[in-house]
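This document starts with one chain, in the form predicted on its own, laid out as structure tokens.
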Amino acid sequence: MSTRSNVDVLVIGAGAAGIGAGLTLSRRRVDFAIVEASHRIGGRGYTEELAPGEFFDLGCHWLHSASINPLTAVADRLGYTYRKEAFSRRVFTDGAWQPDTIIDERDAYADRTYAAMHAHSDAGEDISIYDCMDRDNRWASMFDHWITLDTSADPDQVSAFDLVRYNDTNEDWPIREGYGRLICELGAALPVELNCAVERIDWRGSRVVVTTAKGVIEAKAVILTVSTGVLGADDIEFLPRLPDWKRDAISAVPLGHHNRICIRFERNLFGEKANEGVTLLKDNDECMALRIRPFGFQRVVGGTGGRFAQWLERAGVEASVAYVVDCIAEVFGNGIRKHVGGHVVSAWSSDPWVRGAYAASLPGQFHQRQHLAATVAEKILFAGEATSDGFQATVHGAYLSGEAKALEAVRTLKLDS
């Protein structure tokens, strides 16, 4: 595409939301196109094959709420495999593995904190997760770490409504062959123009005129699936400017920071048990959640979130690798260092087409997700995980939002064939 073209609906972004929208429009035989700024589809779903048959997700990797997740059926249909069994959640601190009684104490603290969040939410109080916590409890720092992994932000930066309103079935199933790979296979047949960043959206006339890196496209409506990180950075110019209420919503649901750091080993140093989850609580109250030999692969994966993830990403790949190797060595001994065989590290906040991990609503601002999802002038429709109320911060939340906005466009424009 290098000249002016016309479609009924233009989908901007080919992540899970854009693919959900595209598949829905295709089934309805709507004249549409998809443009994607990156060199690939999938968005924050990105799988690398580290060795033949050994896959690693740098982004999304769980089929969350799997029994009500529409992508579970897609995984089954395409022959993907996933783990249903819960991970162990062992604790290593003070130089030793902690007994079950200590783990029960930790879990009891988490239960009390969730109960406090529900109580405040039931009272209509949209406060931060931080304000629902007993900060003097020894397990507060570990709960902080879990929150950063769940929301990509620190507890003081997140509305408790984000967790209370999330439709969680406690079924989180990782995919052996890669969630990012699944998303790409699902959208492989769609008409996507890659390396086609949108520069301007002019919605002053009866049609929307979209200027891209490869030319101009006119459409009756656009479905905008880019992240709030991209929207908040004003990477796309709008003519006229988006209404203040929409800009306020974008600012109220910003992207946080989360990365996955994979350390590969030359051989199995951890015993035959695979898929073990370990949380390291360090002397300075820092925490690191580790996945030991997921799916039996000879690797350990560490996750970072929130402000610390942002700092470590800025420090660089070598610093990220060194930190996680230090954490693994603290649990399993310094002898593991000489067997490190490679690494893979994500850097989502540095990706210019994403600018972060996933969206968390600020304290007092959960209602802005609804405004973020609202359509402007019946021709600029917004989709993506940030617009979801119930499945926020998930692939299937993004996918379902894309489907819903495609159907809205069909109804509004009367495009049913």
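Residue indices: 1-based, along the sequence shown. Just so it is clear, the model here is predicted, and its values are computed rather than measured.
What follows is about the form predicted in complex with a small molecule, which we do not show.
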Practice task
Give a yes or no on whether every one of His61, Val198 and Trp348 sits within 4.5 angstroms of the small molecule in the predicted bound form by heavy atom.
Solution key: yes
Handout entry: Heavy atom of Ser38 within 4.5 Å of the small molecule in the predicted bound form
Key = yes
Exercise for the section: Would you please decide whether Cys132 lies within 4.5 angstroms of the small molecule in the predicted bound form, comparing each non-hydrogen atom pair? Expected result: no
Problem - Non-hydrogen atom contact Thr24 with the small molecule in the predicted bound form at 4.5 angstroms - result: no
Exercise for the section: Indicate whether the small molecule has at least one heavy atom within 4.5 Å of a heavy atom of Thr148 in the predicted bound form. Expected result: no
Practice task
Specify the contacting stretch among 374-382, 360-368, 25-33, 43-51, defined as having any heavy atom within 4.5 Å of the small molecule in the predicted bound form.
Solution key: 43-51
